[in-house]
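Coming up are structure 1 and structure 2: the same protein chain in two forms, each one given alone as structure tokens.
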Structure 1
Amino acid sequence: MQILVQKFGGTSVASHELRLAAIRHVEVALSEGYQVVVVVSAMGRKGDPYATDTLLSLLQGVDLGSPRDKDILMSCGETISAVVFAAALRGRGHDVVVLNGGQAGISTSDRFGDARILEIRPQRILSELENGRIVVVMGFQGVNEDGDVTTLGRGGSDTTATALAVALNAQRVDIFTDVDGIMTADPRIVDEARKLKRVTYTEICNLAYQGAKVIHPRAVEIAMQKNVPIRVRSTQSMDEGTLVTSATAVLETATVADRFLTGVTQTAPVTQISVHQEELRGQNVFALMAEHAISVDFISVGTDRVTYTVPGKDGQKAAELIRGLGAGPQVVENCAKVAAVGAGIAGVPGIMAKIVDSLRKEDIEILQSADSHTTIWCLVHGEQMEKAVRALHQAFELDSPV
């Protein structure tokens, strides 16, 4: 069988008109000879009746006291969405079956609210496909070894879709959303931002980890295990969107192979904390942060100072913890991490110099910087974030077609 997995996010199934637009994509895939597995998220976003955040708001002021019960509640949005979507498909004359996570063969760990997929047994899905049915699977959920419903955490429906694609040996995963694809920058910041035709798995993971929210990086990492291609597409367009695939495939199909940067993204707000080593008196500041569930990033450990960043919401708490050690941290609030991402920057001289020059020309202060194989990060003041993103986008000519 030629299997295609199509995932429709909450904004793609929020209304009857949007569901019909989604169904058109299902019907195109069927006409192309694919057997189709549809994965759906809960309908809409916070404030919409059946969105996950709306369901959680029912517990406001209530101490549920049971993560297991909370997962049962959170899974209801996908249950409603799947049944409604299947009904719309039947209204168009299609034979459809709806499966929850457990029926789809998704076995997970016991960590309620953030479970990990341990195994997928896709026999039921394959049987239904062989019988000519469209299979609609409730995203974001599975079951643990006791048969309890578990949810997969942020990006869980993306993860469901790519994990099913790997288990089914699918030809591709299409992730449908309310944007046309992966952009070189946030179009709300950069007017000249353009859609990328192709990116590598690594590039999109780095873009996602650094602030781009089109697809969850965990889902991409799962697809990468078997080189299952992903397309990020708009529900309301027949445009092919952005293809996410291996670096080799990108180079084989790209018209220009020497693209240095793929995109520029940003994360804000973050707080920078710096403290003298001698004031710490050998105490492990990172163990202290971990003990209080504070995530650290942008770590720089020198003989004189320890410098790192924390999410903005944790800045004051982190500083208080350091003061509790008898140290006086230097704290810079309302910072932003700007990331330049591209598979082409590895080992290329002059990339960092160009970044520094482009930011200095705009009088943007670099508070801290770091780099990896495919990403260079600069920490800047929050009020200079948008200017920094635009400066890097322009400096590397990301508005030019590849």
Structure 2
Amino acid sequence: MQILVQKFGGTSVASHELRLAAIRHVEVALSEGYQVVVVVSAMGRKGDPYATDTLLSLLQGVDLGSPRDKDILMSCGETISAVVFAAALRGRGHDVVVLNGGQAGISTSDRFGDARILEIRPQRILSELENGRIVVVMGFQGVNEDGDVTTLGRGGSDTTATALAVALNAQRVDIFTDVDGIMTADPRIVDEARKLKRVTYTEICNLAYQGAKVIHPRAVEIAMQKNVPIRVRSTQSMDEGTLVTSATAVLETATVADRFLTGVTQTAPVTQISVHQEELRGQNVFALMAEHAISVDFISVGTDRVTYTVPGKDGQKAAELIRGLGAGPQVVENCAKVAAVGAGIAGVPGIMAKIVDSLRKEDIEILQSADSHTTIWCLVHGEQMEKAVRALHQAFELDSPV
């Protein structure tokens, strides 16, 4: 029998009605003859009673002092969610077993809060499936060498799902969420965003790394290693969603062969920092940032100035550090990175001209820009971010089918 892994995100398991919609997808898979492994996230989003962020807010103003304990707390959201989901499945007459990360055989590194999966021993899951059960696995968690609970970082349930699919040699992994699939832009910003029917692992990885939060890029990379197809789809409909496969598989269908731009993404807030070389007197700002674990981006080093960006949360700290070197940095807070992402941007003439034109037409100031073979980034003021995303989406006619 073939195995199907089905992952349901937080908004897909937030209420009894939604869980029943999710279970319809499980039942379709069963009727198609699949053995089903379900991976669940914590229920709901920030503010909902059992969401991960809500659990974390219990620690507000408290110095827990133990990353290990914090992971125990954070893993509770999935524990609750899995048990409640299993109960709903039993209510529909199914035989179910709930497994936590460790029981599911997921071994991780011991970096609490951001652990990496090192190995999966799938024997327990396989024997439960052989016994005719649906296996419900708590997403986002594993255990380290000492048997301590670890969590996998933001989007960790996506990683649980694709890693299990690889370990179980599954036919496919379905990522169920609250949108119809992977779109040409975040549908919360661009009304005209269009669902992509098929994309390659590389395209969606690029999109995800540039800020499209619909699936975690690490999860995509894991599936890519063993060529396990991913389908991103909506819990609330039977729409087939977006199929993510290798380039060869996509080319065989010849549906997207000519697409050079996949979509537009955004990341915010970021802070832009600029310092005169003269004031730095040869001191290395990047070494200083690294020392304080501040990640830098958009780096441009000129004879006159050094300019770069840092995540918004690190902006103040970065500026202080530079003042500590005796220099007076120019700091622009609350910026946003807007990116046009594709597989074939490299060497296509006129793209930058089009970007500059479309942003200028909307009176959007480009603070900085950069490009790679897959992506062109523009740094803009935060309040102009949404306008910029919409302008680029329109300029490249991403709303019309390829």
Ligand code: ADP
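Please read all numbers here as calculations on a predicted model, not as lab measurements. Just so we're on the same page, rigid core means the largest C-alpha set that superposes within 1.5 Å between forms. Here, residue number means position along structure 1's sequence, counting from 1.
Number assigned to the form predicted on its own in this pair | Answer 1, the form predicted on its own.
Examine residue 226 after superposing the rigid core and state whether its CA is displaced by 2 Å or more between the two structures.
-> Where the cores coincide, residue 226 shows only a C-alpha shift between the two structures that is less than 2 Å.
Determine, after fitting the two forms on their core, whether residue 381 shows a C-alpha shift of 2 Å or more between the two structures.
-> Passes the 2 Å threshold, so yes.
Establish whether a shift of 2 Å or more occurs at the C-alpha of residue 102 between the two structures, with the two forms superposed on the rigid core.
-> No, the C-alpha moves less than 2 Å.
Residue 351: CA movement between the two structures [superposed on rigid core, Å] | Spelling it out: core superposed, C-alpha of residue 351 shifted, distance 2.5 Å.
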